[in-house]
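Only one chain is given next, in structure tokens, and it is the form predicted alone.
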Amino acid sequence: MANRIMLNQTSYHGTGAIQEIATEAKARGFKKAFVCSDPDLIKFEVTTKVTEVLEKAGLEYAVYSDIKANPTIQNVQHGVEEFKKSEADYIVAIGGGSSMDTAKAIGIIIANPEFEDVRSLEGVAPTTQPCVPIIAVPTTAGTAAEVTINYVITDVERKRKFVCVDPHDMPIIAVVDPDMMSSMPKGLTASTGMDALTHAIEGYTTKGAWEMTDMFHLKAIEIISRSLRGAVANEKDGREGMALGQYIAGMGFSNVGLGIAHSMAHTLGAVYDTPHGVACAMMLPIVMEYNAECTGEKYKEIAKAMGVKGVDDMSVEEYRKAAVDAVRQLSVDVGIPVKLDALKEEDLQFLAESAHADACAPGNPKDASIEDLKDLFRKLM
């Protein structure tokens, strides 16, 4: 079997990296940017840091901000209309997963108009053309959408999120500048950081994992574990560590998939509008306990990467518990709740069925039935 690795054509990392946006746009002959960024980033002038770079370089742009935290089919369809009106020839996506997922879907539909209903993009859609060129500028250290072939859209009418996996949606350029993340509030830093840790751990234990992606994921676990508390405290080293750690996690999981922590988080977000990172953080230790028997010695390496001492002297049961405990403690330390008050017993069947049908579920190291998923959701009550 051949293992495929797909990454950006180019990525820039470090303070001041956003200056390279103009360099790349000019080198590639781009004329006008369609800037996708959510309303809060525009309000707090985070988006302005990038548009000023474009202005100084004499590059035209139009701004699109009809983007929700959990982007919807309607957000995408409106964006397609606005892109056509703008006469832009590339996209600059500024923000977290919401802005980048919206940008990917817009870019795919512009290049493949037969998917304009958006729903038909679910799963691995048979698109034939690469999306409109995207320069991705993350403002959160968590989703790694700037280096993945995945995006998630919310179907409000059907109360579900659907995952799209498409090599044609990969941003051609990622610009990972820690300064763009410095204005993140503590809660968002914590939740997106735990999303990144979930990417790394699920990517490391998924059925599709292999040696190269294991290398990415273990390093990501190490960097995130030592950086997230500092990032929440708005320390420079913590911010820089999270910017790198989340990207490395994306290099891995985008190529091998995830598991049921993500499929369950997707349905919690669709039904209760739970922030994705919070949902992932709550589910991760619960799912790790469920998966433990199917992970061989991988929890030993997770525990080591998270800084647990004396792991080599532990039994299998001890190091597996140590890995789960380390994840749970990090989540508590950064302020993630352990229970979801909105969760109701009467919702469990729908939640479990939705999670079971989610594109991330098949990658889980242990096959989970709908009844298993109901039991796991119940642990949040």
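Note that the coordinates shown come from a computational prediction; the quantities given were computed from them, not determined experimentally. Numbering starts at 1 and runs along the sequence shown.
FYI, the form predicted in complex with a small molecule isn't displayed, but the following is about it.
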| task | With heavy atoms only and a cut-off of 4.5 Å, decide whether Leu351 touches the small molecule in the predicted complex. | result | no
| query | Within a 4.5 Å heavy atom cut-off, is Tyr90 in contact with the small molecule in the predicted complex? | reply | no
| query | Applying a 4.5 Å heavy atom distance criterion, does Asn150 contact the small molecule in the predicted complex? | reply | yes
| query | Is there a heavy atom of Asp195 lying 4.5 Å or less from a heavy atom of the small molecule in the predicted complex? | reply | yes
| said: Within 4.5 angstroms, counting heavy atoms, which one of the listed stretches 222-230, 195-203, 73-81, 111-119 is next to the small molecule in the predicted complex? | reply: 195-203
| message | Checking a candidate spot here: are His217, Thr295 and Lys300 all in contact with the small molecule in the predicted complex (at least one heavy atom each within 4.5 Å)? | response | no
| query | From the list Ala209, Ala190, Met306, Met181, which entry has a heavy atom within 4.5 Å of the small molecule in the predicted complex? | reply | Met181
| task | Tell me, out of Ala57, Val332, Ala69, Ala62, which residue has a non-hydrogen atom within 4.5 angstroms of the small molecule in the predicted complex. | result | Ala69
